[in-house]
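Form predicted alone, single chain, as structure tokens, below.
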């Protein structure tokens, strides 16, 4: 146990050192992609807690990202910028002069998204399987429509521009690291064991005295809060948001990361978020003309998504439970693998 704690501390120090090096060496474009991957780590872990560890089928993640993004934007923008942005209809006086530090805005984004999650979860978490998925998807669309039609709060379909760019590698990956640590501690706790029991067999879990609604609500609210924080970071990263940004496609992207990484695997979600985000960006080369010197290949718009979809199809066909399944990379497994390799080398030398 002491060894693992020491190794964890060393790993965190090494991780911070890597962030420092990347922050100094990566150009603005690559740093933006790296930060986007970190945001997807946060969003993926939130959805994996709900879908992977608790066994609920929620498709409403984009709505809670939108709540977090708008909350973070409205709380960090200056009164002057709000006045310039809300030119069709003035912003409501309650929000006009509010400006708080970025950390406070992130906390508020998580709390408000979690509160909406509790409000929506109260009726829909009594449903199961496909009914729950349809209900959460419906509520996500309702949230998006409300954002489109509340001109004096969200600026309607025009969206919000001029969001302060506080998001950087330290905020994104610092929160991602905290999220990973929180998830590990949560899943190892008694609550995590209950979440897994609900996932495996609700009837058996209820028969053993588990309050299904309470624990489902807890998982759902935490997932929504993480989505809100991720949404606030995303809004600050891109500098502009609008309701169309948070359509079902956004939820699908996060769900894709969770499924590819492994439903119920923290390690898988982290790896998948980084790989998918980087791969989607670097496959953009397929959409433009390529000059190989001896031949010129015309670009085909959308080809990168076709190639990416084929790669995903191959992964799903051969790794139906995702890259990691429900497994995690732990120190015990790393040292166990090291010992097995060492023993194998010793036996071969002896023979």
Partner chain sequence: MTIFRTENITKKFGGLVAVSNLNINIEKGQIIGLIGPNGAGKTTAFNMITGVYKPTEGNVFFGDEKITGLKPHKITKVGIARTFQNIRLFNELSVLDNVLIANHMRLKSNVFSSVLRTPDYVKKEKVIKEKSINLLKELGLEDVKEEKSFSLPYGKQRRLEIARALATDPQLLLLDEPAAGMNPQESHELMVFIHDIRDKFDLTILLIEHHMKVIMGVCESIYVLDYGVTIAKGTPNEMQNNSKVIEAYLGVE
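Positions refer to the first chain, counted from 1. The structure displayed is predicted, hence computed values, not measured ones.
There is also a form predicted together with the partner chain; it is not shown, and the following applies to it.
Chemist: Check each of 108, 194, 175, 132 and return the one that places a heavy atom within 4.5 angstroms of the partner chain in the predicted bound form.
Modeler: Looking at 108, 194, 175, 132 one by one, just 194 meets the 4.5 Å heavy-atom criterion.
Chemist: In the predicted bound form, which of the listed residues (186, 95, 81, 100) lies with a heavy atom within 4.5 Å of the partner chain?
Modeler: Result of the distance check: 186.
Chemist: Let me test this: is every residue among 281, 284 and 288 within 4.5 Å of the partner chain in the predicted bound form, going by heavy atom positions?
Modeler: No, none of 281, 284 and 288 comes within 4.5 Å of the partner chain in the predicted bound form.
Chemist: Should residue 118 be classed as touching the partner chain in the predicted bound form when contacts are defined as heavy atoms within 4.5 Å?
Modeler: No, residue 118 stays farther than 4.5 Å from the partner chain in the predicted bound form.
Chemist: Hey, in the predicted bound form, does residue 248 get a heavy atom within 4.5 angstroms of the partner chain?
Modeler: Contact check for residue 248: no, nothing within 4.5 Å of the partner chain in the predicted bound form.
Chemist: Please run the contact check for residue 182 against the partner chain in the predicted bound form: heavy atoms, 4.5 angstroms, yes or no?
Modeler: Yes, contact at 4.5 Å.
Chemist: Considering only heavy atoms, tell me if residue 161 and the partner chain come within 4.5 Å of each other in the predicted bound form.
Modeler: Answer no; every heavy atom of residue 161 is more than 4.5 Å from the partner chain in the predicted bound form.
Chemist: Heavy atoms, 4.5 Å, the partner chain in the predicted bound form: which of 161 to 169, 270 to 278, 237 to 245, 212 to 220 makes the cut? Say which one.
Modeler: Only one stretch passes the 4.5 Å heavy-atom test: 212 to 220.
Chemist: Select from 311 to 326 the residues with a non-hydrogen atom within 4.5 Å of the partner chain in the predicted bound form and write them out in sequence order.
Modeler: 321, 326, in sequence order.
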